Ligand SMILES: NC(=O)c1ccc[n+]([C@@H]2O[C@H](COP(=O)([O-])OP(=O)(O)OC[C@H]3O[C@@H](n4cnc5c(N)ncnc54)[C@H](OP(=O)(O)O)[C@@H]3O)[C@@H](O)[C@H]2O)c1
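First comes one chain, alone, set out as C-alpha cells in the form predicted on its own.
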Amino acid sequence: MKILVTGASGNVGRYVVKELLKMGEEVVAAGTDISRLQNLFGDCVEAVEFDFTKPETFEGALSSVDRIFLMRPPHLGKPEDLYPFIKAAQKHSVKLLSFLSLMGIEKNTVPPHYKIEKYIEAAGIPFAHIRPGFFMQNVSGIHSEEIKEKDMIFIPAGRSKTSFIDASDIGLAIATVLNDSTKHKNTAYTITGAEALDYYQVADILSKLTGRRITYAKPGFLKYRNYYIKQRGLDKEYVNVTVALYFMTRMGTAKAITKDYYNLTGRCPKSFEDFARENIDTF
C-alpha cells in the first residue's frame, strides 16, 4: 500500500516525499496543482488532485493508501475545515495518520492544531502527532521580505527564545514514523533544534552572514497585525493564528529543547546558522 502526502509541494511535504522515497515507500503526492507536483517529483510518485474544500477529491486520494501525512494549509484557519477529510479517512483501513501539529499544543487550546489532534484521536484513527518548534523557513519565508528590504526582523516575539527546526528535519521525522507505523502507533513527538535563540541572536547571525546590519524591531502585537494585514495584504485569519502563536512564544512555550528528533532519526538537528548559510540568498 501507498502513503498519502497532503501538501506535498509545501515546505514540509516535499521533504516528507523525498525521505519516504529514499526509504523505498510508494507515495501518493496530493495537492491542488498537479503540474507542480509532476515538476517536483516526476514519475517517482503518483500525483493526485486534492483540496480540503472539495470533498469530491477525497476518495481519489485515499483509494490506494494505508498511511497518511496530514497538514493544515495555512489559509484554512478553522479546525473544522479538516474534519470532512478526517471523516473520509476514518472509512479506510488507515494504519497511521501523522499530523503536522505544533510544539506545546497539548497545553494550548487556542491554535486550530489542538482541536484537530483531538478530532483525529476521537475518530479512532491510529495517529503519530509531530509537534515541531518554529520552522527556520518562517524566517527565510514569510518574514524574509522585511529582512531583505529593510534589514529588519519584524516579529512580535519580545525577548523570548525559540528552538527553531529546519523543515527538512521535520520531513525526515514524519517519514520515519510513517515508515514504521506499528512502532509509532498512537504517539506524539515534540521535535526541536538543539539550541534556543531569541530574535536578537537571530539578527546577529544574519548580520554576520550577510555582511549587513540586521536588527530586530520587536513590534507589539497590534502593530504586527496591522502591518501584515494592511501593508502585506495577508489573510486576516492566517495573521490571527500567527499572533496567537507569538503570544504563546512570549509565554515561553517555544524555548524547550527535546531529544525526540535524535531519538527518532539518530541524527542531530540542523543549527540555525547552518540553515541561514545554506539559504543566504533568501536574506
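When you see a residue number, it is the position in the sequence shown, counting from 1. The structure presented is a predicted model; accordingly, all values stated were derived computationally and were not measured.
There is another form of this protein, the form predicted in complex with the named molecule, and it is not shown here; the text below is about that form.
Think of it this way: in the model of the complex, the named molecule has a heavy atom of just one of Phe127, Phe154, Phe134, Phe85 within 4.5 Å, and the residue is Phe134. Shown without its partner, this chain lists His75, Arg213, Arg159, Lys183 as candidates; in the model of the complex, only His75 has a non-hydrogen atom within 4.5 angstroms of the named molecule. Remark: Thr32 counts among the residues lining the named molecule in the model of the complex, judged by a heavy atom distance of 4.5 Å or less. Contact check for Ser101: a heavy atom falls within 4.5 Å of the named molecule in the model of the complex.
Using a 4.5 angstroms limit between non-hydrogen atoms, Lys218 is distant from the named molecule in the model of the complex. Among heavy atoms of Asn138, some come within 4.5 Å of the named molecule in the model of the complex. Every member of the trio Ser9, Asp51 and Met71 reaches the named molecule in the model of the complex with some non-hydrogen atom inside 4.5 Å. The chain is drawn here without the named molecule; in the model of the complex, the stretch among 59-67, 43-51, 228-236, 249-257 whose residues come within 4.5 Å of it by any heavy atom is 43-51.
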